[in-house]
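Here you'll find one protein chain in two forms, each presented separately as structure tokens under the names structure 1 and structure 2.
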Structure 1
């Protein structure tokens, strides 16, 4: 096996998700994931601390992009306008591999309680990153928390709809995410 091949991290993610779906999460080993990806076990551990961590590959980057988008939003942006800027920044970085992976990842998560728990923690982490960025911009704590939670929900809903759509339509994720945020904004306004 070649060492330090480009794309090893992406291959590991795809291999893990496919194996989780084929054999279930609990029955899949790190050795199987590394073998399927064409890398060594040590290469796996250079990228991930354990097989569960494969699920959150890219979470730090996603959190950073969302926070940067919020930080760079216009000075007159509302809290949800800042969240929209963060979502645009993060969604703009996701491409065809992310779209292809979506349904496979959802199936793997649905079949494993442990992966469901890790996915929930991922959402908490994304909300925390957006909340911190909003507070840094001067948004009040409670407002920042609500706006961030709506942002996470919009991202998840938009991503799910995008991933389920026609893969060759060229539709960008950002349009799905911003549409979901708009719908959530309207729904929140009707709460009274």
Structure 2
């Protein structure tokens, strides 16, 4: 089986997250990240404008993919069906790099209030992107907001299970995410 070989951008992200974990976000420099990834500082700056963007870039991609999936969902999709389409689109783009990153990023976040705050804002950004995309599709405001929150929860829960799992089980992220969404949908039906 071919081993996955990260490119420069992927190595930079992994190096950054490991350094945030070992030291602190504040105490980590671009020079250290580039050094750990085995690239030059100018290679770093071809991929990211600063160390903050290493964390933010992934979120912007995720938000864009989720919004695209919602925009392209079939005309008769329910609000949660549109969310599922957004999640499928985003999850479909996640590969071995993201799976490798998951546990390391979780560890870095657990150790740092600053990264917890960033991560929390990231979830808010994803929910906002999905809410906007749903409203554009004609979904009522409150419904869009609730559907988007369930979507973010499903993505986070599915991602965590996927990243925790055995490396050799073949299930893709999308199946974990859609299973989580289905569970949350049932839960929403038993709120009373």
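The term rigid core refers to the maximal set of C-alpha atoms that superpose within 1.5 Å between the two forms. Residue numbers count along the first chain shown, from 1. Since we're looking at a predicted model, the values are computed, not measured.
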Only one is the form predicted on its own; which? 1
Is residue 22 one of the residues whose C-alpha moves 2 Å or more between the two structures after the core fit? yes
Establish whether a shift of 2 Å or more occurs at the C-alpha of residue 144 between the two structures, with the two forms superposed on the rigid core. no
Please state how many degrees the smaller rigid part turns against the larger between the two structures. 18
Rigid-core fit: what Cα movement does residue 53 have between the two structures, in Å to one decimal? 4.0
